[in-house]
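Next up is one chain by itself, shown in structure tokens, the form predicted on its own.
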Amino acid sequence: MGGAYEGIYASWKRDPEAFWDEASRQISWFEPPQVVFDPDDGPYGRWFSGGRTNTCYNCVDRHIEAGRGSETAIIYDSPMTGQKSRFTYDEMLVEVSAIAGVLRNHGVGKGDRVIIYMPMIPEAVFSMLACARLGAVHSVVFGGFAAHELATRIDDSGAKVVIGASCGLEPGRIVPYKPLLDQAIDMAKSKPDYCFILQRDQFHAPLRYDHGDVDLSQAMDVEKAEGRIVAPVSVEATDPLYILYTSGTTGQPKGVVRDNGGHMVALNWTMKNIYGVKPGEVFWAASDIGWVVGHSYIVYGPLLAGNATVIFEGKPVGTPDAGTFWRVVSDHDVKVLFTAPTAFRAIRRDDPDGDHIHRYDLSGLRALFLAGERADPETLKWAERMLGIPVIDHWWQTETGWAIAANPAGLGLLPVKHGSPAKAMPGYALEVLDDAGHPVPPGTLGNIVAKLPLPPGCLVTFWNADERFRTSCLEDFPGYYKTADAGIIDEEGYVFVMARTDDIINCAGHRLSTGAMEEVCAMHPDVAECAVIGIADELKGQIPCGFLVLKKNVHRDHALISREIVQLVRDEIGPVAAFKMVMMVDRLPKTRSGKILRGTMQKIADGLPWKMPATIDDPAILDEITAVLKAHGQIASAGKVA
């Protein structure tokens, strides 16, 4: 166990520039970098200065030139429409070139920003690659995002054009996107020149010519009839590839900027070394292109490494049942699956005995990776038991773009410690500091930070906001990047990410991790998922409150279950946790990417003003949480604001 990890990590630590220089040789450069790392460029330095390349060329053309043009690049599977299709690298080049031609004909060129507002369909990926081909900077906004949020992103990016779809599909309903886009453009101060609209069969949207609307399919057909292939534009390694606005922002949005060169080098390295997949194998990240996981591991990582990638338009449960993931794995011979812990909690809740799993041939599946929020040990253990394969928690952020800590399947797995995403990956030197910036002993809770410089592939700054990036990420702990996650690193170097730093509660002077309490609650056999927040208390400052969702097959007395869980936390953490308040709920409020909205729940409980989160999956759940808190006498009078 452990394989090559220790040696690889040591070689990076010994000479980081030599390590990344070697990794950079695995991608194609039009002109090789003059400098591996320039410490004087950007807020903390820049990677591969002087190099010229193109991300789309590396994802598409170079595989064709290597004789792999007839191999599958993209698998589209939509339980929403019943449609399945595949695209080879040759076919993908035609689609990408058609969109690139349409954009170029309408004045889009290097450095221009393009908003992409589409559901999980192949054209969304083709549009991202078309922007990269032209050297344009794409900014994908999650399909169905509210008009105001879309408008702020149009304004902040100064988008020249928008690529959208007429609608998205949710279980049992059609979500018209075009009316939301129209509202956003009416609200935006910065008006795009054109909107390219893909009309879907489920909903044809009226086009507004005052918005410069163009039917995307018709325009692409003209390009395809001409048979032209748009040549990839040479860009600097340090030129921006995309802006991704972090979820849940209020006021001025925060646009994470990713460059071309370092991004490719890092993601290409991860596919073989972290995920352990070989070119030609099928890799599936069950996420959405609107989130960083979709950018890194639906689109760029797999295609850079020559893997077939799955675009899945569906949900882990309800399309049609809790077996849909296993059907996709079986149908397409998926070798490695990557999804969010919340997806597995939903599957476990609906199918606690794993009956659906046994209906499919999963013999080709080698590993399951989880990321997005903390993977509680009980969900991990359930997945291990049911699947009989390594289930690997790994930790990363929108800002980093790839894993900060992981158990690297490609380097030989390390021994598993449940609740830990294992050890720091090459590129990341992690430490735990107290609030004053002093190192704490192993096993002590504190602020997890990464020594600068950040490795290739991480954000280089915020869009048009270098100073804001410095202030929010680099200033609190000089010489380090602040992850804003709290946790511990043990004697063996294993990282335990316990909570966001604002999820650490202070109860009678004790700093307590809500994540640790959630781990214990999840140990109870009746619990499908849970969230623990700190509620204001006059005597102790804050006290923990647990919200529990029970498995579908549980019919025991709720009061008895509550008492058992309170005792469990007392036994596992101790009386210091002051954990006495438990509430049963039907579901937890989450973002569309599966993150539990603990901060909003806490504001509701404390009677503080709160705004409806832009990324919330179902706003009605917050009314349900409010009702439960009121029923327990745990809510003050203040409520939602605009």
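Throughout, we count residues from 1 along the sequence that is shown. In this text, the rigid core denotes the largest set of C-alpha atoms whose superposition between the two forms falls within 1.5 Å. Owing to the predicted nature of the structure, the values given are computational and were not obtained by experimental measurement.
Below: the form predicted in complex with coenzyme A, not depicted.
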Heavy atoms, 4.5 Å, coenzyme A in the predicted bound form: which of 107-115, 228-236, 169-177, 432-440 makes the cut? Say which one.
169-177
Site test, 77, 121 and 124 vs coenzyme A in the predicted bound form, non-hydrogen atom cutoff 4.5 Å:
no
So which of 192, 135, 446, 316 reaches within 4.5 angstroms of coenzyme A in the predicted bound form, heavy atom to heavy atom?
316
Ok, 503, 156, 288, 281: which has a heavy atom sitting within 4.5 Å of coenzyme A in the predicted bound form?
288
Hey, in the predicted bound form, does residue 143 get a heavy atom within 4.5 angstroms of coenzyme A?
yes
Quick check on residue 576: any heavy atom within 4.5 Å of coenzyme A in the predicted bound form?
yes
Does coenzyme A get within 4.5 angstroms of any non-hydrogen atom of residue 580 in the predicted bound form?
yes
Tell me, yes or no, whether residue 540 is in contact with coenzyme A in the predicted bound form, where a contact means a heavy atom of each within 4.5 Å.
yes
Residue 68: Cα shift of 2 Å or greater between this form and the one not shown (core-aligned):
no
Under a superposition restricted to the rigid core, does residue 218 display a Cα displacement of 2 angstroms or more between this form and the one not shown?
no
With the core lined up, does the C-alpha of residue 570 move 2 Å or more between this form and the one not shown?
yes
Just say closer or farther for the C-alpha distance from residue 570 to residue 486 in the predicted bound form, relative to the shown form; it changes by 3 Å or more.
farther
With a C-alpha distance change of 3 Å or more, do residue 543 and residue 483 lie closer or farther in the predicted bound form?
closer
